[in-house]
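Next come structure tokens for two forms of one protein chain, structure 1 first, structure 2 second.
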Structure 1
């Protein structure tokens, strides 16, 4: 349990560092004011702390099939609701971590991880390729059209 937590923390720290490096480069490229290191580091530590907690909650509730990603969202959501006393401080810290900067490392890992699946993919027939595209479009626009109708009926849009 302790070794696992240490290993998990090490991974999270490296990922946090990658996010900060990516964020800094991204800000310099578009000439945005860069987040000072003194603010970025407490920001990422606050984020990483919630990440570790969500991993632990998931381990404590293995029968509930709720992924750690969803726990992370839920915890951060609760901490940042307007009527929560934690909201102001938590948002002030986490705002120092740029949203898009957190996405680039994920997809870099994801890209590398599918590398050994490319040969498997070649075995899939062209028919399944066309069908999967129809499936992607079907789920996206299916949901969008239902949402559009209901939001209109509610007068939200």
Structure 2
């Protein structure tokens, strides 16, 4: 168990470095004010700590079909709720981490995960295309509906 935790921590550190590099490159390309890496490191460590905790919860509850990613989302949501004493500190540090920089490793690992299940995807065949189109259309119209409702409520449109 300790060896597994150490290996997970090593992988998380590599991912943290990927995020910092991606953030730096993104800021240079978009010509945005550059956040010093030293300011982003505490936010990265906070995010990685949440990830490690979520992996440990997933390991402790193997019969529960709830992915570690969902645990991480739930923990981060709870830590950042306005009534939580951790909210100010957690948000102060994680605000220095660029969201788009975090998506690069997430998408890379999602691709690897899908690649490992290519045989299962082949069994689904053409049905996957129809489901994907339905999901994309539903997500698009759902997002547009939420945006329209909120913008109307705020009087912006």
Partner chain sequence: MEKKRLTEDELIETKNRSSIFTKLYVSVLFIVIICEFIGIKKIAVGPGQIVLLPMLYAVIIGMVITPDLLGKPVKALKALISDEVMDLAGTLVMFALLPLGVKYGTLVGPNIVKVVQAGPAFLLQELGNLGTVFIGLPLALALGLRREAVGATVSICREPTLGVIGERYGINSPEGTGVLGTYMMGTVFGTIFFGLLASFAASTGIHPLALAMASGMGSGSMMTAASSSLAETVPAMKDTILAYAATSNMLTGVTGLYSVVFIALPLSNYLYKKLAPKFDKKGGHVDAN
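Only residues modelled in both forms are compared. Owing to the predicted nature of the structure, the values given are computational and were not obtained by experimental measurement. Here, rigid core means the biggest group of C-alpha atoms that superpose within 1.5 Å across both forms. Positions refer to the first chain, counted from 1.
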| field | Selected structure - criterion: the form predicted on its own | value | 2
| said: For residue 109, does the CA position differ by 2 Å or more between structure 1 and structure 2 when the superposition is done on the rigid core? | reply: yes
| Threshold 2 Å Cα movement between structure 1 and structure 2 for residue 148, core superposed | yes
| Core-aligned, is the CA shift for residue 137 between structure 1 and structure 2 2 angstroms or more? | yes
| Which parts of the chain move between structure 1 and structure 2, counting only runs of three or more residues whose C-alpha shifts are all 2 Å or more after core fitting? | 105-157
